[in-house]
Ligand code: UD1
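Quick heads-up: it's one chain on its own, the form predicted on its own, in structure tokens.
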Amino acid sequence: MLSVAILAAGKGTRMESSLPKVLHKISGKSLLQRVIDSCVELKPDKIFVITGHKSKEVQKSIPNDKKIHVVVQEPQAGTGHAIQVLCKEVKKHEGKLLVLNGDVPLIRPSTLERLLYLHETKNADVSLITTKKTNPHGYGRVFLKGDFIERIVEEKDCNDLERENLLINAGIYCFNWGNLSEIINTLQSDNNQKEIYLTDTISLLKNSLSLEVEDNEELQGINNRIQLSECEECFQNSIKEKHMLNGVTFINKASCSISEEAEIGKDVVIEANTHIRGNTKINSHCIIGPNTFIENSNVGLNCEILNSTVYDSQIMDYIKIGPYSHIRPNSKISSHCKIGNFVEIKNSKLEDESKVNHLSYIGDSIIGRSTNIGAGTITANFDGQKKHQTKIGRNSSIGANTVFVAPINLGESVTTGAGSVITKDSKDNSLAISRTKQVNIENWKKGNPDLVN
């Protein structure tokens, strides 16, 4: 039986934030959620999240899963105290108890599996992950005696000689829970921090083993915004390296961010300052960016998106978007369309080969195949209470600065005169024009109202 305890009770004062530390995010997911995700892959029987500071806020962030249980630690008197509280809450202390910190978000499931394997094969009382750091400041030092851990001394309790030890405790443990429960309540807070340390269990248990991990990036804990940024950079580098090995070119990868869920095809070029978020899929032979943001969208083959933003939309094949276009949610841009400068599309469908090249707003609309929308066209879709739809048939030519007062339905091959305000439906092969008669007043002088009478 495998149980997991995630320590998530601390205030995180060095974050200088009103948000609990474990709810700060890396690539869109909270630190706590990333630790939970790593644990889920181990298929544990139960996961206990031990909260304290702003417990309700942390609890709201936890997914609704029957295996996940919240335990509240009050007061927050150290890591050992957290496990004391857990042992009081849970009656049966069976099998293995894996203990992790909620602020170590990059830990790999494969590393945790190695720890569990060591623990099981050596029949250990406790096994923990260690690593060597060139600058171990802030970490507890691990002292070995042969193959066994003799003791762990926290940084603030180390003397000068002990601080020279480079082997540090990563704060990830696997206990024989039954043996742990027998000694956990004997821990005392007789240290400089006046806290109950979980590390004090090491000297009380007989068979304590170390799993030394060489790659310590995954063991990086987060205590401040600098470390949060370092973990984000590390996480992003691994994502982008994966895509580059699969045939994606980054012109300036340091300026870009990619979500872990994103899929990117071969021979895609990602220009500088481009950000791809959520469940986005970009198919092969696209050029994305520079200065482009895409979220939860599907981009087809051979598309170019320049200096633009796309949310929750479908972009089909051979499409050019931008610069400075905004594709808002629930839009579908069909193949061989062109969306140009300063164009906003919202909740609309454009059929194949349509063009909206300049300075237009298309909202709640259906635009037919091979229709050209002239510069400055506006679909006035909101009457103050409800949104209404505009339909424009195929092969239509919409004059510059046309305003459609929805609901409105134009047939196929309709032409509108530039500057028209269209309020009535038009049939196929018609010209719709609505203008006031131009009046020229000669010898006009500003500020002389008599000349207009």
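Predicted model, so just to flag it, every value in this text is computed and none were measured. From 1 onward, residues are counted along the sequence shown.
Just so you know, the form predicted together with the ligand exists too; it's not on screen, but the next bit is about it.
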query: Non-hydrogen atom within 4.5 angstroms of the ligand in the model of the complex for each of G340, T371 and F404; finding: no
query: Partner proximity in the model of the complex: E232 to the ligand, non-hydrogen atom cutoff 4.5 Å; finding: no
query: Partner contact for I327 in the model of the complex: the ligand, 4.5 angstroms, heavy atom; finding: no
query: Heavy atom of N223 within 4.5 Å of the ligand in the model of the complex; finding: yes
query: Contact flag, I294 vs the ligand in the model of the complex, heavy atom cut 4.5 Å; finding: no
query: Options 79-87, 314-322, 295-303, 143-151; stretch whose heavy atom lies within 4.5 Å of the ligand in the model of the complex; finding: 79-87
query: Of A170, L97, I288, V356, the one that lies within 4.5 Å of the ligand in the model of the complex (heavy atoms); finding: A170
query: The ligand in the model of the complex - contacting residues of 95-133, heavy atom within 4.5 Å; finding: N101, G102, D103, V104
